[in-house]
Structures are given as C-alpha cells and as structure tokens.
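Listed next as structure tokens is one chain, alone, in the form predicted alone.
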C-alpha cells in the first residue's frame, strides 16, 4: 500500500523526505519519487524499484534554507511500475501525491482530455493535479480551487498537493486512506501516512478524519471538515517505538492485517462495481470469447480462494470450472484444450510451481489470466491479462487480507462473466453488487467477538487435533481455517466437507477432537447441522460458528445476521483468522514468522 510524506521547513528537505519514505518501506512499493519546491522552482525525481535507486538519482541534489517537499512510495493499481507512473505527478505548475483510488478518474480524464490536457501517465492520480489546475484558471483562489477539486473526486484518497502559486503551502485531503500531520519545537510541519516517518522528527501529531481537507503553511494548520467548517487540530504525543508504530498499536502484523481487511477490500472493489454491472477495465474485451471452461491453478491459501471461485463460476456464470494444485498439475501430463481460460492465483506473482503451470498453459496456446497482488511480477508480465487484488504488502507469513481480496475479485469476476454470458438475470447481478458493497463493513472486527475468541483460545491448546468442517464455499473456507491454525500454532488441523465425516474421519471423534463447525444460515444449514450432530453424538468437542444458536455446541461463536451466504463467508473468515491468531499467541509462538515457512515460495 502506498506511502506519503511531506515537509515544510528549513532543513535538508531531500534527506527528510527520503528518510521518511524508508520508514514506509514496510507498506510495500514498486516505485518512489519526491518533488521539492524552493525559490519558486520545482525539483522532481522518480525511480522504479527500491529507494536506493531514488537515492542514487538524487545524490547531487540538496536543499538549503526554506523549502516545501512531498514524497511517495507507489504500489501500482493503475498502470505499470514505471517512472512516468510514479508519483509525484506534474501539472503545469503543481505536483501531487496520492494514496487510494479515484473511482471516477476515467470520466474526469475524458473531460480534461477534451479540453486539451495531455496526460503523461496511466494513473488515476494524475487527474487530481490537472483538475486542480483547471479550477485554478477560474476566478478562484488556490485553496478554493483545491476544495472544489476535492469535491469533484469520488473514491478513497490521501492527497498532498504543492503549487507555485502558493510556494509556502501544502494542501491536503483525507478520505478513506490514512494521513497525519506532525509538529515540533522548531515549528516545522511534517505529513505522513503513518506514525513511523515522524518518530524522531515530531513531538506531537494530529490524525485527520475522513472528509478533512485544508492547508499547512509555516504559520498555520487550517483544517476543514467535509461540510467546510473549520476545526482546530487535536494534537497527541507521538510514540517513540518505530516497530510498534509500524504495527499501529497491534501486537503482531498479522493482527493488523486482519483488522485492515475492511480498507483493502474497499480498495479492491473501487472502480470495479457500479450500480448495475461489474467493470474490469484492465481485461481485454474478448478475454472470455470462445471460452468453454475455466481452469484455476494455485498453491496454499490461493488454492483455497480458487476452490471458492469454482463454486461461484459454475453457480453464477454457468461455466465448467476445475481447480488444480499447481505442484501436482505440473507433473501429471494434463490435457489442455484451447477453449479453456487458464487462471493462476498468487499473492506474490512469483510462486514457482504456479508460474511453471502458467508457462505450460502459454505453450499450449490457452488464454491466460493472473489474479495477483504485485504488479510487474513474473506472472503479471507473462499472462495475457491480470487483475490486481490491491491488498498491499502482507508482512505476516500466514496470509489473511490476500485471501480476502482474492475471493472478492473472484466473486466480482463470476458476476462479470455472468453478465457477458447472460447466465444471471440483471436483477440478481444488481442484488449481488449491493451485497459486494457491504463486504468491507462485514469484515470489520467486532471487539466483543475478538474478546470472546481471546478467552476461548485457552480451551483449545491441547488435544489431538482439529476438524474444520463446512459445505459448499464453506468447505474451502474450512480448509483455509485449518491451514491458518496449522501455520502459526503448529497444532494438527484438517479441513473437511461436512458430509464427508461419516466416510471415515468420524472414527477420530472423542472429547479431545475439536470440531470447528461452520453453520451458515443461508447455505445448507440443516444438512450441515445434521453432520455436526453426528460428531456431537460421538462426544467430539464442538465449536459452532453461526448466526443461529446451536444447542449441541460446547462453544458458540455468534456472527451477525447476514442477507446472504457470501456475507456470512467473509464474517466467518475473520472469526477463523482471529481464532488461529489467539491460539498461537497463547502458545507463545512468533505469529508473524512461523517456523519453517517463507512468505513467497520461489522454489519447488
């Protein structure tokens, strides 16, 4: 996820910006840049890759005395990681940096292009600076032009903008993406998208709220709320622990990533859903022409997302769908027909087994698509088309938000294909789009539920194993819940379809076998309940996750009453992630770096 820094003061602005960006490297990025305004002149530097490349470009650049500067690390969402697409973006006399996604950028860009504006990048961000300069040409003061621009944007953003017409000012706006401002005894002003760049530079910080916008000068911090009413900054003392600041108060990165799923899912949906249809502007218009089968191929957590997708594609798009484990598919001499769309799924885009299956599909002449979190990765470069999940970097080895965003993309894609094939009524597609809009709120962690799971975790530290069971899409979710527990607690856990218990596994049932039963109200509830009752009758310890109370459960974890089984899916997903987290913490394990595992598996 992108990072922002800004500075107004008399020190070496370049060094302050670069040091600030280094502290944001943990958020993930693929390019970086800075812009400094001093004595009416802009200096702008950009580089692809790591910050060392930007440092090399700026080695002969320095600032003395007063300057205004902004900097950015970019995680690509619109356009490849290139210098042209890197921030800051230039207008005629202004620069902008931006985190988030401008949902209506295509409409704004079309209007600006018709007025003769030339765009240099493929990004959504560039429309901000050109829209501002369009408004600046009207009889408006610079701040009025900025406020008008913010009112014309739809989406999520944290924005810093600097313009020559006000050379001692940084304009800012925050909606749905984090932004803070800091001060110190020397009356310097610092901006950042998290605490870490400000530690050691500032004593106090103010956290902007959604809808806030305004400007900062050497003498003033002016903040206006979404109604345009001026408000006073509320400063708080800044922590001095940088690792803690990166974790933003959470005990582990995995915990932080579970909590931020709401934000990244909103990013995943942005620009891709309208009231009546799903839009994937990044896909070739003919990608699904002639396709009679979809073959999904992945490893680990991504395989579980693919299994979930197989239910959705067949249910919504009425298209034959199969799922393959990449490490097996490589060596079993598979038959591949050219009417098949071959889809690979990978958080990193570098997973060795999955990458090799993509090469096999390309050699066989199949159309190929990658669902991935990293632009310019090996898979993204190789496949015919790519959909980025926009999850941001995941520091916890056990994947959470990557899985959530992959499933969300597949849900959207199943509806997209359904729309093309006319396999669902328009009213049903619109209903499900309404449900998709509710997903970010659905995955927000409920404090009471988390507290219950903390207390409950002490009952599940021993015994001879766990069964996670579910039906339909809740079977792959059960597999994912079991994997999460295995990865970070080192306890034995298996995921099973609920109906398979009586075909062998139920022989293990006793009080020391813990069954985590997923009982969605809107998907085969009575059948799943019957399967759990069979385990309960054999004295297995039952932990039920459901919106409906279950009298045979030894422990019951309630979820909210949802409109649809897919919303239940996402809410149960969070419960399983938190349960694994709390059990692992109780056992004293390193949650973020579990033994024997690596984040990106680039070998067989």
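Because the structure is predicted, anything quoted here is derived from the model rather than measured. Residue numbers count along the first chain shown, from 1.
One more form of this protein exists, namely the form predicted in complex with a small molecule; it is left out here, but the text below deals with it.
(request) Scan 484, 98, 401, 89 and let me know which has any heavy atom within 4.5 Å of the small molecule in the predicted complex. (result) Here the answer is residue option 484.
(request) Quick one: from 166, 348, 121, 194, grab the residue that has a heavy atom within 4.5 Å of the small molecule in the predicted complex. (result) Among 166, 348, 121, 194, a heavy atom within 4.5 Å of the small molecule in the predicted complex occurs only for 348.
(request) Mind telling me which stretch in 524-532, 205-213, 296-304, 356-364 gets its heavy atoms within 4.5 Å of the small molecule in the predicted complex? (result) Going through the listed ranges, the match is 296-304.
(request) With heavy atoms only and a cut-off of 4.5 Å, decide whether residue 397 touches the small molecule in the predicted complex. (result) Answer yes; at least one heavy atom of residue 397 falls within 4.5 Å of the small molecule in the predicted complex.
(request) Check residue 342 against residue 75 at the C-alpha atoms and report closer or farther in the predicted complex, compared with the shown form; the change is 3 Å or more. (result) Their C-alpha distance grows by at least 3 Å in the predicted complex.
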